[in-house]
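Starting off, we have a lone chain in the form predicted alone, written out as structure tokens.
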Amino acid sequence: MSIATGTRGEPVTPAADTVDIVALLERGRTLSSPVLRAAVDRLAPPMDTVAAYHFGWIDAEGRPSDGDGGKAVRPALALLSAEAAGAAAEVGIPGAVAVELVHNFSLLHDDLMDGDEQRRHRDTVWKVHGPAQAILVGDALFALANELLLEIGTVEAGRATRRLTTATRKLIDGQAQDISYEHRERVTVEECLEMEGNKTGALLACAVSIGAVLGGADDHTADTLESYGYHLGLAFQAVDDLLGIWGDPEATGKQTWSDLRQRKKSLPVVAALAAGGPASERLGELLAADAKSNDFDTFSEEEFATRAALIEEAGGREWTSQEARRQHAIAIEALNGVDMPEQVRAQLVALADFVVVRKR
């Protein structure tokens, strides 16, 4: 690949703001979708239909649908990671699909455990098809992910599978931590970051290394790309935490004050409680009372709005926004540790920018 040079002969990295993010995400979706659909077709009825509903391919009555299947950030990262290692994007397709299957395995189970009734502006699987199907289809997607990689039959595929299973175990660790924190009066910022690093960072880290591994990259390259993905995941989750409280339901597809309704100890809440001061103390008193309340599910919108206002007054919203930017900067810095085509670097930077400024 030829690299453009400036007037003094130094390399010039293509500007990240010139990257077409929509096209980048659409490439990930377009290349991975046929393989993803073929994998889902392997499932026994009615799991194949339930999974198709979850992915937005059909509606609740089984009619074809063009529903939103998600942002496709992880498939885009997997294809870019193959290119970062000097391989063709197509080499990363099995990894892209495997990561997407694991991601959706986690969504199916999370929605049930959290009691979420809406995802991507539609009723969740457990609400439509029942809890048992949500559990079974989630388990099946996890099994499919490993099956797809191991079918390749190469040393690189074995290495990729090990990374995926490790990331999945960390993801499950993070979900267990998240649930346990809902029943604790206080959680430290450090504990919250560890939980979010497991729950979100681990799989994004895998997504941005798995294509490189399939393309023959050494462990140093894969580990460095994982560092980018891990910190990108923390930035992603910090933004998600902000949207979980202050996001527009029309954009997020979830209820207003979604995370407050679920008593989540997300970063804005934890940071606000750690800040000290009158707003922090009042918030702590309210949340402690909430934990003992039998009427929490009947709270009015005003009661949730009060808690959100206290979080903001105590500084939780601004701290989380700054943390998202800090983790974004660490992720970008990690890219300097990998020798890759400059266009690929620009695309990875652009995807990181997209994650931090997204609205949903």
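Keep in mind that what you see is a predicted model, and the values were worked out from it rather than measured. Numbering starts at 1 and follows the sequence shown.
What follows is about the form predicted in complex with a further copy of the same chain, which we do not show.
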{"property": "a further copy of the same chain: the contacting residue among 136, 89, 271, 234 in the predicted bound form [heavy atom, 4.5 Å]", "result": "136"}
{"property": "In the predicted bound form, the residue from 310, 47, 335, 324 that sits within 4.5 Å of a further copy of the same chain by heavy atoms", "result": "47"}
{"property": "Candidate stretches 168 to 176, 92 to 100, 71 to 79, 210 to 218 - the one whose heavy atoms come within 4.5 Å of a further copy of the same chain in the predicted bound form", "result": "168 to 176"}
{"property": "Full three-residue contact with a further copy of the same chain in the predicted bound form, heavy atom 4.5 Å, for 246, 254 and 305", "result": "no"}
{"property": "4.5 angstroms heavy atom contact with a further copy of the same chain in the predicted bound form for residue 52", "result": "no"}
{"property": "Partner proximity in the predicted bound form: residue 144 to a further copy of the same chain, non-hydrogen atom cutoff 4.5 Å", "result": "yes"}
{"property": "4.5 angstroms heavy atom contact with a further copy of the same chain in the predicted bound form for residue 42", "result": "yes"}
{"property": "a further copy of the same chain contact in the predicted bound form: residue 150, any heavy atom under 4.5 Å", "result": "yes"}
{"property": "Residues in 101 to 116 close to a further copy of the same chain in the predicted bound form, defined by a heavy atom within 4.5 Å, in order", "result": "105, 109, 112, 113"}
